[in-house]
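The chain below stands alone and is given in structure tokens; this is the form predicted alone.
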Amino acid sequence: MDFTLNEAQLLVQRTARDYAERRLKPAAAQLDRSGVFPLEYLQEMAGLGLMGVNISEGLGGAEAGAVAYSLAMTEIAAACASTAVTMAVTNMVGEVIEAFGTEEQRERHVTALTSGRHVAGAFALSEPEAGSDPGGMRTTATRVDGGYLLEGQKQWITSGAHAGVFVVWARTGGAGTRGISCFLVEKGNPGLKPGRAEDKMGLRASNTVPLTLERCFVPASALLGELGGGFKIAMMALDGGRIGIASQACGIARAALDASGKYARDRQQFGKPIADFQAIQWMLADSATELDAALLLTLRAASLKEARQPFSREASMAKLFASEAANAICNRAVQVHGGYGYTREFAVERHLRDVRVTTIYEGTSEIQRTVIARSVLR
């Protein structure tokens, strides 16, 4: 197999790495402490093409492919996971609208996402009583003159207080997943009401809010894709989103492993660096091996997506393994640092808090195992 990156992929990777090291890494700890949404950085990233890596050039994207997107996500996440998750969801929203939207929807919203006019996009699928089970969705869209009235509650909406466009799922038919449709709702719609930002354990500079849809009118032209076709859109979007979260997990884990190696070389105990002790060496060896495996699974899924081949199973495998391996790697990183790893003086404390959610959002580890098992048993 040829693992050589092409020129476009290397350029995107270098661009993301340079920006991450120069701008995000020095700011990450303060962003975490303050919880301030990284508006300035996101707009700079849009100018570098990082908010539409896999979106066509005609819509302002880099058109560099899914592998390049994965590489860029890894670099951004290694510096600031909060900024990376906003980048991930915005790229996912842009790809969804490009794939399923009308020409007018693409020109209006995708170009705004890639240019930074929409500082972010939001993906409004989950609800208080419908997380892993979208078939339990209660939000409704009722046909009225000229469009639809949306009513309901959404939960865990990334960038919900800042997004310029929301992809919102609502029930237009009967029970289960067949009666779900998808709509584009713009910021400023009087029926769209973001709630109080969640006070989260990690990703503290990523804005996460509940949404209330109260007599939220959208024109008929806001329907994304076919009436009743929303579940298919959600599943296709989540497959790609899982590649993004796997990439994010790899980036956080790489940062934690790099910090562990540096600390182990510098920290002296019993008259020598702790890197000389086998217990520390084995933790580093296990982490390096798991990280490489996670990266390879993630890039395999991304390459299949780029080749327009089926990749649902591979995306779930990548997301499952990368997120769980990254949690283990960050946990070991804190252990290598000893008591210092439990303080905010060292970045590994933040990495452990940030990485924890990667086994939960975009489909829990349990849901990934279900997806993989169904494929095995089919």
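Model, not experiment: these values are computed from the prediction. Sequential numbering from 1, following the sequence displayed.
Not pictured, yet referred to below: the form predicted in complex with a small molecule.
Between 137-145, 228-236, 263-271, 195-203, the stretch whose residues reach within 4.5 angstroms of the small molecule in the model of the complex through a non-hydrogen atom is 228-236. The small molecule is not drawn, but in the model of the complex it has no heavy atom within 4.5 Å of residue 187. At a distance threshold of 4.5 angstroms between non-hydrogen atoms, residue 123 is in contact with the small molecule in the model of the complex. The small molecule in the model of the complex is not approached by residue 357, whose heavy atoms all lie more than 4.5 angstroms from it. Among heavy atoms of residue 102, none comes within 4.5 Å of the small molecule in the model of the complex. For the options 132, 278, 221, 289, the residue carrying a heavy atom within 4.5 angstroms of the small molecule in the model of the complex is 132.
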